[in-house]
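Given next, in structure tokens, is a single chain: the form predicted on its own.
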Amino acid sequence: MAALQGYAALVTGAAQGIGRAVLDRFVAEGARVGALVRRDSDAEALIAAHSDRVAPVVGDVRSWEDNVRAVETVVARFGGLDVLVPNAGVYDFSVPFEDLTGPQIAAQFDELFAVNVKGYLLAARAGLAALRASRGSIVFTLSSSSFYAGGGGVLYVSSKHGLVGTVRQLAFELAPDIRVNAVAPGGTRTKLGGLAVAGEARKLDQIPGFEAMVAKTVPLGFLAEPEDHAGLYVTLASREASRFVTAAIIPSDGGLEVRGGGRRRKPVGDAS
């Protein structure tokens, strides 16, 4: 039987990247899935792919009302809410701290933290009653930047480090009714957007040399695809697979913990 047969889920930021991969995998595993997305075209694409297995809501993760509307839509369409995946995020493109003026820090902090942190808290609060009724779970999207410097600038890394505390505190407060866990992906081929640089918005996959840089940095030697992370969300969402797991953050980062400069890769077939 599919791992999430009969489950109802909600994924924010589900139009592309890791959020879309998680939604697709949840549907494949038997779940019906709500999606909070930014544009009508995003909602139309999800319905075209999955028909009545999805319930898209167009809105903004920074809006309390839109988060409530997304939860209410899932409950009305699918009879409850078993899994919430707060996932939407923005990036700061590693702008050095000393290159930011005071006014830029003030404005960009508010913009980035509103999505990366406040949006997660609003989603969790909006889903609280429905998740408690189902004894469900929350699976946050964190990042390798939740544990390591260098994967972004100070604003992005600070936001992702902050979410470690969010996972732990909510796991503590919401037990035993709701499990709270997270997946922490490393470098991934996505169109993650972010703060404008020199007045121009950018996407993560537009950074020159990004794929080669990640492949050189991680022990497994390649840039991840969004689908490479999705199975971990299924595991954490499943009561059968992880009913005794809460406050866990699973890295999906190619082995950054054991990375080391100058490690020699053996040619394929070299057993020496």
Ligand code: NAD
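Quantities reported herein were computed from a predicted structural model and do not represent experimental measurements. Residues carry their position along the shown sequence, with the first being 1.
As for the form predicted together with the named molecule, it is not shown, yet the points below apply to it.
Comment: the named molecule is not present in this chain, but in the predicted complex one of V33, A70, V61, A237 has a heavy atom within 4.5 Å of it, namely V61.
None of V75, A124, V167, V115 but one reaches within 4.5 angstroms of the named molecule in the predicted complex through a heavy atom, and that residue is V115.
Contact with the named molecule in the predicted complex, defined as any heavy atom within 4.5 Å, is confined among 179-187, 99-107, 125-133, 77-85 to 179-187. Although the partner is absent from this view, H161 stays clear of the named molecule in the predicted complex, with no non-hydrogen atom inside 4.5 angstroms.
When contacts are judged by a 4.5 Å heavy atom cut-off, L256 does not count as touching the named molecule in the predicted complex. Although the partner is absent here, V90 is a contact residue: one of its heavy atoms lies within 4.5 angstroms of the named molecule in the predicted complex. A residue is said to contact a partner when one of its heavy atoms sits within 4.5 Å of a partner heavy atom; V157 fails this definition for the named molecule in the predicted complex, lying far away.
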